[in-house]
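Next up: just one chain, as structure tokens, the form predicted alone.
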Amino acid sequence: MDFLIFQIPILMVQASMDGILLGILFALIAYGMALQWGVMNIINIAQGELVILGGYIAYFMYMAGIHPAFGVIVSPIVMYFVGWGLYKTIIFRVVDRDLFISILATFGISILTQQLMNFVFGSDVVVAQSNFGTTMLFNSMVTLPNSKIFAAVVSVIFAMLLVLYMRRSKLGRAIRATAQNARAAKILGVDTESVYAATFGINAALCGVAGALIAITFTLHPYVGLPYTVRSFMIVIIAGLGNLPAVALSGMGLGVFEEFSDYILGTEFRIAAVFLLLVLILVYRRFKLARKREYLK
């Protein structure tokens, strides 16, 4: 079968550049998941729903006559307190419990959030028009929406700010200490409950930033959060916990994979290709773990 993308090389450049810009945004969402997973040992199935909720904040700013780009400032602030509230009401009950319990709890949050968004915001597909225009490259053969470039730049800025905050602030040092050994940190006087609440809030804030960027770049729908959860989970599985460069590279790799899948298989199979890739990665990791156990015997 002849694929158009391989017959016209410039389409490969288009797909690669689109994928890299998209992957940087995926990496920001995944970094939030990696942070709270590494500190709290919780897999947040509601990650995608937090992203979409943050996107709706930017969308309603747009509906109120405020440019949706300002959502990257407002949305993380609101979402931080949403995350903090979720921890204080639900998540604190499953910290230090079996990992499967946390999956069930966050899955319940995911379903509840979907239904609440559907009730409050409606089921229509919406987008916040940024009117940023388009950048033309290579004699106008490659087109890049400026909203995607804006999303990638903002994602990098927030990731760098978070890294600096984690290294230099008192809370950042407490979070890193708790991630390394929660019991020892508690003995040394670290309030681990406050650390957990702040960590979940920071994760939600990163989701808020990503959601605001998605609102001006793609579309919003109450039930479109699951693919973002799957992407984040896949990136973290590949990159590991606490490795920001690996998260960034994995995110960009996933973005390029999606774009090529779009060109080769068609848009209708794009998300299916992502789920298939997740299955293959999990099977491969399972195979590697089985091999390690055999070596240890």
Partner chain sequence: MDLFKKIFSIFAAISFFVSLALPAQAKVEGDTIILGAAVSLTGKYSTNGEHTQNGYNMAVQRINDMGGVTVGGKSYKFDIIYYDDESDSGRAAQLAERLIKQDGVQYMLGPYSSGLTKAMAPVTEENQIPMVEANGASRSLFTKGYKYLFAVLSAANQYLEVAIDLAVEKNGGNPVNIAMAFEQDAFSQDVRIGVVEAAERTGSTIIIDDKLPKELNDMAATLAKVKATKPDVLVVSGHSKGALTAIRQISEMKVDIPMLAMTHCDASKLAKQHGKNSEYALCAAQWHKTLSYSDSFFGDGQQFDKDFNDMFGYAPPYQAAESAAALLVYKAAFERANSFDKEKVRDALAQTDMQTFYGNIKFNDTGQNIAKPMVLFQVRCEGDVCANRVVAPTKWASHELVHPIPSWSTR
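By rigid core we mean the largest C-alpha set that fits within 1.5 Å across both forms. Residue numbers count along the first chain shown, from 1. Only a predicted model underlies this, so the values are computations on that prediction, with no experimental measurement involved.
There is also a form predicted in complex with the partner chain; it is not shown, and the following applies to it.
- Contact annotation for the candidate site: Val126, Tyr223 and Ile271 all lie close to the partner chain in the predicted bound form (heavy atom within 4.5 Å).
- When you look in the predicted bound form, the only residue of Phe233, Tyr56, Phe257, Tyr263 with a non-hydrogen atom within 4.5 Å of the partner chain is Tyr263.
- Remark: Ser140 counts among the residues lining the partner chain in the predicted bound form, judged by a heavy atom distance of 4.5 Å or less.
- The partner chain is not shown here, and in the predicted bound form it never comes within 4.5 Å of any heavy atom of Leu25.
- Remark: Met136 counts among the residues lining the partner chain in the predicted bound form, judged by a heavy atom distance of 4.5 Å or less.
- Within this chain, Tyr228 lines the site of the partner chain in the predicted bound form, having a heavy atom no more than 4.5 Å away.
- Residues of just one listed stretch (153 to 161, 208 to 216, 177 to 185, 195 to 203) have heavy atoms within 4.5 Å of the partner chain in the predicted bound form: 208 to 216.
- Residues are counted as partner-facing when one of their heavy atoms sits within 4.5 Å of the partner chain in the predicted bound form; in 10 to 37 these are Leu11, Gln14, Asp18, Leu22, in sequence order.
- The Cα position of Phe269 differs by 2 Å or more between the shown form and the other one after fitting on the rigid core.
- Relative to the superposed core, Phe60 undergoes a Cα shift smaller than 2 Å between the shown form and the other one.
- A movement of the C-alpha atom of Phe260 reaching 2 angstroms or beyond is seen between the shown form and the other one when the two forms are aligned on their rigid core.
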